[in-house]
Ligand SMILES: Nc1ncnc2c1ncn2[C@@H]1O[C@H](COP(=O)(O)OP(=O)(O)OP(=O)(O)O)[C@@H](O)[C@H]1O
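First, one chain by itself in structure tokens, the form predicted alone.
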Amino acid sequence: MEKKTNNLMRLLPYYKKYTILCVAVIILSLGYAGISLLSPIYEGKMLGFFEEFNQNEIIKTAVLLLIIRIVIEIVTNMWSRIVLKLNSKVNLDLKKNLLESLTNFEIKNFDHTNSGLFISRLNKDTTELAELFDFITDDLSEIILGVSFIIYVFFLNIYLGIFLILNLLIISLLVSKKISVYKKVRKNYKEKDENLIGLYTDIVRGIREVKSLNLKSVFLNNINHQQEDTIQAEMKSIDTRRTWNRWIAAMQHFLDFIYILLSIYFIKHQSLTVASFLIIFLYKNKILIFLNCISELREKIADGKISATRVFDMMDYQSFSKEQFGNQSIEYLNGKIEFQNVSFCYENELLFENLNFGIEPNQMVAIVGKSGEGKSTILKLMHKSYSVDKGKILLDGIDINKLSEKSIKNNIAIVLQSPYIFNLSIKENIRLSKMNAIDEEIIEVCKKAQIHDDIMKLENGYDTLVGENGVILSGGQKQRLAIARALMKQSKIILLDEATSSLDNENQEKIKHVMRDLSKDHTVIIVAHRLSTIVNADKILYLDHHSIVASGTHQYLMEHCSEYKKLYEIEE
């Protein structure tokens, strides 16, 4: 509980940044409470004037009440505008910071975590936290108004004032019990909701596979089951709150009945006027509003604690690990890579132990072996998407852990087996690697990646929007576009992770020549299942049982490594 409270308090710096807006909201809230209190006071006076039927005083008081109510509306409108502006600024700051933390996560955090968790926290939880100040100030003004009215009742009749205090204590005890139960069911609903958002994301992004593989019934059954669970959890949350509200309202009705009996007694004994009774009776709803505001405020704070814990859990990297980089900066690498006694565990299973090999600058090196040997993982270790557990990876003789993120990412480009193509134009996708690239540069890298001709066949050419994850492109076109994007980056080291797996034989041959040409000025490391694509490599590393059991040229391995020869002959 302490941890959650501290997380909620960490919102203060976000609001402190906008002190003037916060002060304005508080002043307007207090102003609203003060002005609103004048209404029952002058209405009480007007009732007294009606008893005497003093027409002039009735009209004067009515005009004054009209002015008071117009001022209340003006103050409320000003408060609403300012608090909305404040909420939007805090919401944006929270989203910016959370998104920055998300981009600093180690890749392994995304391997088995439902994307709905991240989306829910980025969208829903940050918005709830940003609106918390809105609810607090809104409810606070009503609470102040309620307290002020109770004080006013004390002046009218001290015994009724004491009764209202007891009324508050009884209702507050019921509200405390309600909050305790509500927090538990609300937390359960939030957890189910974020899982459901992840399923929605999966089915929208994978709708083509769902249709082509006829998986509609499978996905719909699964999602419908999750939807039912989530809706039931939400209904339980709402029902819990509403049921307790009904019980609390029933208790309030009983207390109102007691109030009427007490008022009859005091009126009969002339210690309470009929006008005062009517004012208290008409405005007793202010006490109900006061109680409801306390209840609602505690609910919002309870929700806020949950949201704050979830948001700051990501910002503080409590449940998720953060990428770690050094401070040493290098503008250009020569491209030499060394693995020295590298050990790495994935999901608590040892994948590599004392892995050793070296790659010289401007070499084309291939890593081959059966599936599951960890070929792609080696590239991710080179790119520092994963961090080694033991040993060292050296880039130009420098421990990769000592290099800054910019030094590593700017000097190493990676093309994945299933590259993500952003929902932008082809030109904009390539320009992501070099924001100031001119059209001629973009065309040049596309020609090198053997995709220029395909682009020119499209109706809008390089300005064609490709859709989410390049939906209008074939698998081979996406891979070649990703290669062009990597070439535009002009990195010294280029990593290709099955980057030719979706190419036809004709384009595969073209890309082979591209990779060969690249190795004149770049260190090129290729992970490949198709051995025919890497027969011209300067060096081939053959992995077996998560160790490099042989290395050399294609011809050397054909003569000295029977396992490599088998793989090659099977492919033939």
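Being a predicted model, the structure only gives us computed values, none of them experimental. Start at 1 and count along the sequence shown; that's the residue number.
Below: the form predicted in complex with this ligand, not depicted.
- Message: Residue-level contact is defined here as any heavy atom of the residue lying within 4.5 Å of this ligand in the predicted bound form; does K305 satisfy this criterion?
- Response: Output for K305 is no: heavy atoms all beyond 4.5 Å of this ligand.
- Query: Does the 4.5 Å heavy atom contact test between H529 and this ligand in the predicted bound form come out positive?
  - Reply: Yes, H529 lies within 4.5 Å of this ligand in the predicted bound form.
- Please run the contact check for G372 against this ligand in the predicted bound form: heavy atoms, 4.5 angstroms, yes or no? Contact check for G372: yes, within 4.5 Å of this ligand in the predicted bound form.
- Indicate whether H112 is a 4.5 Å heavy atom neighbour of this ligand in the predicted bound form. Yes.
- Query: With the partner removed from view, which of 157 to 165, 431 to 439, 243 to 251, 344 to 352 is the stretch that lies within 4.5 Å of this ligand in the predicted bound form, judged by heavy atom distances?
  - Reply: Residues of 344 to 352 come within 4.5 Å of the partner.
- Query: Which residue, S376, S148, N91, N334, has a heavy atom that falls within 4.5 Å of this ligand in the predicted bound form?
  - Reply: Selected residue: S376.
- Note which of Q226, Q417, T127, S474 lies within 4.5 Å of this ligand in the predicted bound form, where distance is taken over heavy atoms; exactly one does. When this ligand is considered in the predicted bound form, the option within 4.5 Å is Q417.
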